[in-house]
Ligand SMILES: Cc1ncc(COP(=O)(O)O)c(C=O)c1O
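The data below hold one chain only, encoded as structure tokens and taken in the form predicted alone.
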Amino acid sequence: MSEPDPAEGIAWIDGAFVPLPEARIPILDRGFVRSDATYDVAHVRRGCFFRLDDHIDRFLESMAGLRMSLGLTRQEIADILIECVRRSRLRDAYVQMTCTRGVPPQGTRDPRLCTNRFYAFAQPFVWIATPEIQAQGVSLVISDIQRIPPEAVDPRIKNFHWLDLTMGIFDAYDRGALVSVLVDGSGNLTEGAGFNIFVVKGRSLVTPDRGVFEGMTRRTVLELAGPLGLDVRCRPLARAELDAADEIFITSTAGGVMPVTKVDNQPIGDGRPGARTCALSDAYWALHSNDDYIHAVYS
């Protein structure tokens, strides 16, 4: 049998680096059987991590929110992630770190008795919308599927409760679109599968402030908006505001700042990526050459 290709990905499982196709977790781990886990996703572009320290900080905060802990320091987590990429030899990668509750002792379901487990992997970069699609603009639909309310599951803690989001993906495909955004109980927009949404109207930049995961790309855009002359407003976003928008875009680690040019099969503006969206996208990718934001994997 041929040796696994490192470029398919490398994982960290039970204290060892293994080829990603061979990575396995225990079937009784509560992360699998109960979605009792948290995770974070960083990316590598041209051999450098983007905002790696911020991703690890958020990962640790999510663990604390779920009453989890690992016997690993921040630097040890970083070293494992970096080594996954080094061993894969990838220059552009999607890198995930995960903490699960672990396996409960036999005969009990008490989560306090579990030893939390750390898993990580690096694989080739994953795009929500490829650069070719972004050049034309993303097609989006507004789904009637309701996002899990934050009173039930705090979306600021990255989690595997994705059934509502997954049904939203099917909704988009069924309606001939690439992505969908879900609504809350009041009909306001929340987020889609792995992305946040923004609306540009004049000089105002609006994004939902509740019921959403506060993505790292979202954070970066909020930091970039002021210097680019935009007035940021984090507040409830009604679905009718999309019809009146000058520009719409979505943000994700899996693609950056991605222009939306069609909503529910209707064009936005002139049907092309907007100037402010393009400026934000250019500024976002420019930070990937800024030493304050990147961490080189390879010497």
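It should be emphasised that the depicted structure is a prediction, and the values quoted were computed from it without experimental measurement. Note that residue numbering begins at 1 and tracks the sequence as displayed.
Beyond the structure shown, there is the form predicted together with this ligand, which is absent from this document and is the topic of what follows.
No residue of the trio W127, K262 and P273 has any heavy atom within 4.5 Å of this ligand in the predicted complex. The single contact residue among T207, T217, Q134, S180, judged by any heavy atom lying within 4.5 Å of this ligand in the predicted complex, is T217. The listed set N196, S143, T100, S88 contains one residue whose heavy atoms approach this ligand in the predicted complex to within 4.5 Å, identified as N196.
Only one segment in the set 28 to 36, 247 to 255, 232 to 240, 64 to 72 has any non-hydrogen atom within 4.5 angstroms of this ligand in the predicted complex, and it is 247 to 255. Although the partner is absent here, I169 sits far enough away that none of its heavy atoms falls within 4.5 Å of this ligand in the predicted complex. In the predicted complex, Y119 stays away from this ligand, with no heavy atom inside 4.5 Å. The shortest heavy atom separation between Y173 and this ligand in the predicted complex exceeds 4.5 Å. Contact check for F160: every heavy atom lies farther than 4.5 Å from this ligand in the predicted complex.
Interface residues of 167 to 193, taken as those with a heavy atom within 4.5 Å of this ligand in the predicted complex (partner not displayed): E191, G192, in sequence order.
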